[in-house]
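What follows is one chain in structure tokens, specifically the form predicted on its own.
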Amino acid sequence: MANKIKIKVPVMADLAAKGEKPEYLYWVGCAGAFDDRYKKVARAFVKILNHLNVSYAALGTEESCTGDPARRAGNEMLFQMQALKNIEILNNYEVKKILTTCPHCYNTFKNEYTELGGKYEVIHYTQFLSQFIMNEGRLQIGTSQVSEEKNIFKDKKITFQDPCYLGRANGEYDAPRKVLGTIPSVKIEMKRNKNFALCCGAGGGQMFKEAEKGDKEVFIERIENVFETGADIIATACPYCMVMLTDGLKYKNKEKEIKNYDIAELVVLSLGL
């Protein structure tokens, strides 16, 4: 994933200047824009969008934070300021459909912007990919159309970390598993999964504050759950989960033995994009 080839990302303002209106807005999110590790995930998803010839654009410099961390931390005024500013920009571009890679952005747009007048069809990228795989057949991964050399995970054990804001908050457990199911590999669930899954420890604003008093941090407990599966790869679909579980691997000195990939990265690597 260290590829430095430039990837062309359409920008909403540029398309609007030409009188064009894309079908989807891709909301990159703070992690995809600023976190060095998660930038690779944003690049991976853009590669997939380009591969599928999807009509999309990003806001570029017009994109700001959704305000989710502010609301979780208790700063309701800041959240509403962020939200209203974003809604004005989105409505000016007549955005109807939003794609997100971050479940926190997904949840905020879907469930919390509506009360402020921001009503959109919001789609998490695993739902989007699942639709292309299961319904439209346009994304071929574990099929005869994909050469054997690209089935690089066929002997690997993969376990999946359910993001809280995708799973328990919005009831989406199947889409990420459907996408993972098309990647030739061995899938193994942690004993606590789906609606019983354990949080990575970063949600609810916890990412940005010091740990509270206790016997063990949540991310340590969760990474130990991963070890119990004997997995070679942790698949994630949330920037918060990626940070916390990667920290857990480093804390336990296991980062060379077990890798943490986002599902978008697994798809790109499997397709050789």
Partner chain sequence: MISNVIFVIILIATILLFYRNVRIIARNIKLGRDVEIKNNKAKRWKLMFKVAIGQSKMVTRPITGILHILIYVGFIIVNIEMLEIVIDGITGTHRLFAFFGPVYNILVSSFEFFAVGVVIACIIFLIRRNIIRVKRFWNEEMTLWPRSDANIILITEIFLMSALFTMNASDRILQLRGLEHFVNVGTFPLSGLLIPFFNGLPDNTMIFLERFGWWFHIVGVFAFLNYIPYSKHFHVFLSFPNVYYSKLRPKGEIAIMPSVIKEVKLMLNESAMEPVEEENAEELTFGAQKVKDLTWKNLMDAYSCTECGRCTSSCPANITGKRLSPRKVIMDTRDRLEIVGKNLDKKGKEYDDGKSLFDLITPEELWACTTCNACTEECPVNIDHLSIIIDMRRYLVMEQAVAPAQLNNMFTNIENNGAPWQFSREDRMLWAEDLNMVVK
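Numbering follows the first chain given and starts at 1. Here the structure is a predicted model, which is why all the values come from computation and not from measurement.
Not on display, but discussed next: the form predicted in complex with its partner chain.
In short, of 198 to 206, 151 to 159, 177 to 185, 120 to 128 it is 198 to 206 that has heavy atoms within 4.5 Å of its partner chain in the predicted complex. Contact between Lys97 and its partner chain in the predicted complex is not found at the 4.5 Å heavy atom cutoff. Taking non-hydrogen atoms only, Leu15 never approaches its partner chain to within 4.5 angstroms in the predicted complex. Not displayed here, its partner chain is kept clear of Glu189 by more than 4.5 Å at the level of heavy atoms in the predicted complex. Not displayed here, its partner chain is approached by Leu271 to within 4.5 Å at the level of heavy atoms in the predicted complex. Not one of Phe132, Tyr261 and Ala264 places a heavy atom within 4.5 Å of its partner chain in the predicted complex. Exactly one listed residue, out of Val28, Ala237, Ile223, Ile234, brings a non-hydrogen atom to within 4.5 Å of its partner chain in the predicted complex: Val28. Shown without its partner, the chain has Ala42, Arg43, Val46, Lys47, Asn50, His51 in segment 41 to 56 as residues with a non-hydrogen atom within 4.5 angstroms of its partner chain in the predicted complex.
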